[in-house]
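The data below hold one chain only, encoded as structure tokens and taken in the form predicted on its own.
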Amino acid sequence: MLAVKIETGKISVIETPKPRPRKGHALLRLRLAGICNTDIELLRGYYGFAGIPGHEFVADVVSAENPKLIGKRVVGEINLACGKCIYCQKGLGRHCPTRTVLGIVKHPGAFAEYLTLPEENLRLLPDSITDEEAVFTEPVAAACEILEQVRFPKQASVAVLGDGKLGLLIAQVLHLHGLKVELFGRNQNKLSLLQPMGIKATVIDRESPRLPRAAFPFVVDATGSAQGFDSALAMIEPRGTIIMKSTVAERLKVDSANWIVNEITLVGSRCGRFEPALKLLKSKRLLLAPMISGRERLADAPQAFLKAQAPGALKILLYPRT
């Protein structure tokens, strides 16, 4: 089968044997996959990654122990947990200490013609959700996770930093939850995508950024940069809450005095449950089509990654050879 490989900061396309699913796992044939900022950070050295990346996908079930799954169109939770530890028993398999993670930690990812996942990780897709919508399930779930972690007062003001793929999704999810969202970013074209939803957007001047200081009780950092946390600290009110959504290869260099003196709460936030995301996708209230910047074949993955890193680019989709 054809697969994409990252190793020592380089990306290539290889022919490799089709994976053999372990007990309780299903064999999946890829329909569509999306390049995430985390995939780009893996290329830059995040987690010291080497292997097949990719965790945003839609696939068909080729084989499974449960015959009712065969032939079904699915998405899949990306954390492969042990199911036995104290975290798994609490329903927190995303924090299982021995977990592997699809396309990120010790489990080959979705940028391949075939992949495997535990059957319990699979979520069936209704016909009303298209492949192009379903490929956003994982990042929408990550956006929805914020609502499970933080208790927002009714109509609270929230600043979202970052006009990339995740920032745009977070702004939409929080807006649909009834919060007063202001999105901050550097690309006017990206920010204007959410204008139909009535989400306020502010362009940050790249040369002389002037951010409102101590102006928000909640700030979400989705910049995907090590500097995003400093911006969040500048904007947060005393005793406010900063939600950290960025995954970057670079280490943060932070003066902790600011958040200690101002008694800031920091919330790390990553993966979320798929059920709320699928419910939201089914509602058709998210603006997703404008966030797709292009489609490329798996065979052209190096070119696709270059496009995904280009200024102004959003979601680049990968599809297998036909």
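Throughout, we count residues from 1 along the sequence that is shown. Computed from a prediction, not measured in an experiment: that's the story for all the values here.
Note that the form predicted in complex with a further copy of the same chain isn't included here; everything after this is about it.
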Check: Is every one of 145, 229 and 256 in contact with a further copy of the same chain in the predicted bound form, taking contact as a heavy atom within 4.5 Å?
Finding: yes
Check: Is there a heavy atom of residue 129 no more than 4.5 Å from a heavy atom of a further copy of the same chain in the predicted bound form?
Finding: no
Next item on the list: Considering only heavy atoms, tell me if residue 263 and a further copy of the same chain come within 4.5 Å of each other in the predicted bound form.
Entry: yes
Check: So in the predicted bound form, does any heavy atom of residue 246 sit within 4.5 Å of a further copy of the same chain?
Finding: yes
Notebook entry, point to check: Does a further copy of the same chain get within 4.5 angstroms of any non-hydrogen atom of residue 206 in the predicted bound form?
Noted result: no
Notebook entry, point to check: Want to guess which of 116-124, 86-94, 194-202, 130-138 is within 4.5 Å of a further copy of the same chain in the predicted bound form, heavy atoms only?
Noted result: 86-94
Check: Only one of 178, 153, 238, 71 has a non-hydrogen atom within 4.5 angstroms of a further copy of the same chain in the predicted bound form; which is it?
Finding: 238
Margin query: So a further copy of the same chain isn't shown here. In the predicted bound form, which residue out of 292, 287, 267, 27 has a non-hydrogen atom within 4.5 Å of it?
Written below: 267
